[in-house]
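Shown here is one chain on its own, the form predicted alone, set out as structure tokens.
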């Protein structure tokens, strides 16, 4: 488990992290998202032992990050957002070099390198020059390199950025398989659809602080429960509007073609009762459902990158 508690980090007058706390459970795939400049890169560098916070603690498997750097580096694999290219080096030589950084040699290490290259779809490319590989192949090789010492924790920084759809799919499949094999994975990404598809947990950071964190399924439930109810009506909306204006749980109303969108703070049982009232009143309801929430909408709302939905506050004297 990774536990970050109340860490602060300054760059001169700039406060990069302002009391950030986060928890990454064992065997989870944790999506770490936030706008540019929110503090994601600084957090990753602290987890890797490349930076140290001015305040707060970072515990990785109950070891303080700043005090057990060498031990922790053996437990962590890191894939940067862009692979540094070593000129005049072949794929096999590249893997051999990084294996030697962990004092890994011999036939057993050679077999592991073969296995990893096969896993990422690069079997038979050992003699190809690294700088001739495509962007997707370089990202795959970077993942294989990060796994050379069989780390328990894997940190990926924008792993699917710039990849074509086919390579993105393959990369996401590999991440899911690694998590199923017991790796604890942190993914920093701007591609929120990828986070929604492969992560079990999510943390949203803004201005150096954690603004929401938890199991992805629980977070999306909260989004769904706060989303508007969409009511599709056949014909005139006047009757439906009259019923909605009388319900004390309807906070606001907006119109979209033949659909009415309402902000509703009642319970599920009260939602059902509202639908029953509409039907008993002879209102031709075609559909009645909560708008499905998504991670992107939540991200925009929490980080202030988009104004909240503009609605028309209803007027009891209005007639539609």
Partner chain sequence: MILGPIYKKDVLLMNRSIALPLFLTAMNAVFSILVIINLYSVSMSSAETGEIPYDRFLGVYKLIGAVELILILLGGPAMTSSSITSERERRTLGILLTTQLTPSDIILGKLLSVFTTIMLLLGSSVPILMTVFIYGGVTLEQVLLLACLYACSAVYSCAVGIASSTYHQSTAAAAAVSYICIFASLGLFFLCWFFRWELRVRTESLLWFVCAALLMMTACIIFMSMRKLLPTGKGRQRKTIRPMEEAGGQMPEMREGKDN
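Numbering follows the first chain given and starts at 1. Just so it is clear, the structure is predicted and the values come from calculations on it, not from any experiment.
Not on display, but discussed next: the form predicted together with its partner chain.
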| property | result |
| --- | --- |
| Its partner chain contact in the predicted complex: residue 57, any heavy atom under 4.5 Å | yes |
| Residue contact check: residue 256 to its partner chain in the predicted complex, 4.5 Å heavy atom | no |
| Non-hydrogen atom contact residue 66 with its partner chain in the predicted complex at 4.5 angstroms | yes |
| In the predicted complex, residue 87 touching its partner chain (heavy atom, 4.5 Å) | yes |
| Residue stretch of 74-82, 180-188, 229-237, 118-126 approaching its partner chain in the predicted complex, non-hydrogen atom distance within 4.5 Å | 74-82 |
| Every residue of 169, 278 and 285 near its partner chain in the predicted complex, heavy atom within 4.5 Å | no |
| Its partner chain: the contacting residue among 152, 111, 135, 222 in the predicted complex [heavy atom, 4.5 Å] | 222 |
| Contact residue in the predicted complex, from 93, 164, 197, 131 (heavy atom within 4.5 Å of its partner chain) | 93 |
| Within 4.5 Å of its partner chain in the predicted complex: residues from 195-212 (heavy atom criterion) | 209, 210, 211, 212 |
